[in-house]
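Just the one chain here, the form predicted alone, laid out as structure tokens.
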Amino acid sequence: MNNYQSLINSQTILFNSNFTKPITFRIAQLTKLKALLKNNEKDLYEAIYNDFKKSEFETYATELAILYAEINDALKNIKQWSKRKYVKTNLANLPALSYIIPEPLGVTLVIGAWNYPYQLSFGPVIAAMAAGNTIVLKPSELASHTSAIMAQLINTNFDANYFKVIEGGVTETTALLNLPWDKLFFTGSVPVGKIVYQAAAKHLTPVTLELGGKSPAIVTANCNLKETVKRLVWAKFLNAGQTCIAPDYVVVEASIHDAFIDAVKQQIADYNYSFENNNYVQIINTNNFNRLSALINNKQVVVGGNTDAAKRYIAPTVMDNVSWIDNIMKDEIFGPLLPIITYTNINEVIIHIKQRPKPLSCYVFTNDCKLQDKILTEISFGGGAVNDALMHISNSHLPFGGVGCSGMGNYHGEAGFKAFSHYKSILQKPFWLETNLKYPPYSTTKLNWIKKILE
């Protein structure tokens, strides 16, 4: 059995030596990681194709491009993010300086997800590097080829005392979770997120949990229907719906229901999804294929519905006349099935959504600014978009994360740097002036002066 405690010990020794803290070191490691990804793109494309049949175009657009942007953002801003921040000093402490020092947390564990294996593994790693930590990365075993290529590239190019990839399944992950980390970052399902959170609590380890949930898309009569459908269909069936922020279901205003369905049918036909067209991917494994297939109600299917178990293929499928209590509305779908619910009263829609666990994302398609603000204000969710879907994840200036059961904490850009940092507060006073107000002996006069100062 691998001695993971020994790995933590060796990374702790390196971290405590202050080796990872200089900004020059962090910049060098980020630059090295980017070059490593760039120089091995061909192997990265081949590995992910073997896991998903995912094309080079989609791998670059949804995985590598986002990572390159994150690295570039960190390289550009790391010096500013790492500076001590001076703040005001209150009257009671004058004369003094007050400032905050960002410092790395230490030895960190990142547990990646299988659906976007490069982006969701290396994204948190980039943040941990920028903040000055050491890193252990555990990729998902479900995408075995991408896990293998990540382990090969990292473990042959980085010192294990600084950055190490550990492959394996439940046994290895459980063993890692039982150890005392300085920070734990997990991307995955809500049930596993609860296990991770419980394990971290035993060591009082701070965690960031990027989970999921049933993310709604609300389509009102006052929208640009053509653009709405174009963007929604792309967002839903990208990666065959295996996206944590995919529109899980669509709520459509009754007056445009028929036109919406017709437009969705036409858009799916226009995109012509298939493995051969390099714009569609496999379901990750047989278990997920069977789970998704069981959710298809042929009486409700208006588009798609056909499946091929041997190829782990499920066609883009739209189900109409779905109710809030149908089986497909119970849990996050995480696949290429799109339920349609019709509404006439937006207040009832908001009530239904608020009765469920808080979603990771919410999408609103409307030209009605008042209605837009009502939905954004009244529904709690991690993040989202107005008149678009998914694309908020591509802006590193927007913190990405969930709320409630959809997760805790966030990352991307400076938010990622903060997620892997502790902000140390410092009050610095000179010796040349000191009043005796706070020191014994106490008196009524001193109390009155303190009240004047503090109140």
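A residue's number is simply how far along the shown sequence it sits, counting from 1. Since this is a predicted model, take the numbers as computed values, not measurements.
Beyond the structure shown, there is the form predicted together with a small molecule, which is absent from this document and is the topic of what follows.
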property	result
Candidate spot 115, 120 and 173, all three touching the small molecule in the predicted bound form (heavy atom, 4.5 Å)	yes
Any non-hydrogen atom of residue 177 within 4.5 angstroms of the small molecule in the predicted bound form	yes
Residue contact check: residue 189 to the small molecule in the predicted bound form, 4.5 Å heavy atom	yes
Contact of residue 248 with the small molecule in the predicted bound form (heavy atom, 4.5 Å)	no
Close approach of residue 111 to the small molecule in the predicted bound form, 4.5 Å, heavy atom	yes
Residue (of 317, 140, 366, 208) lying close to the small molecule in the predicted bound form, criterion heavy atoms within 4.5 Å	140
Sole residue of 381, 181, 163, 334 within 4.5 Å of the small molecule in the predicted bound form, by heavy atom	334
Partner-facing stretch of 211 to 219, 262 to 270, 83 to 91, 350 to 358, counted where any non-hydrogen atom is within 4.5 angstroms of the small molecule in the predicted bound form	211 to 219
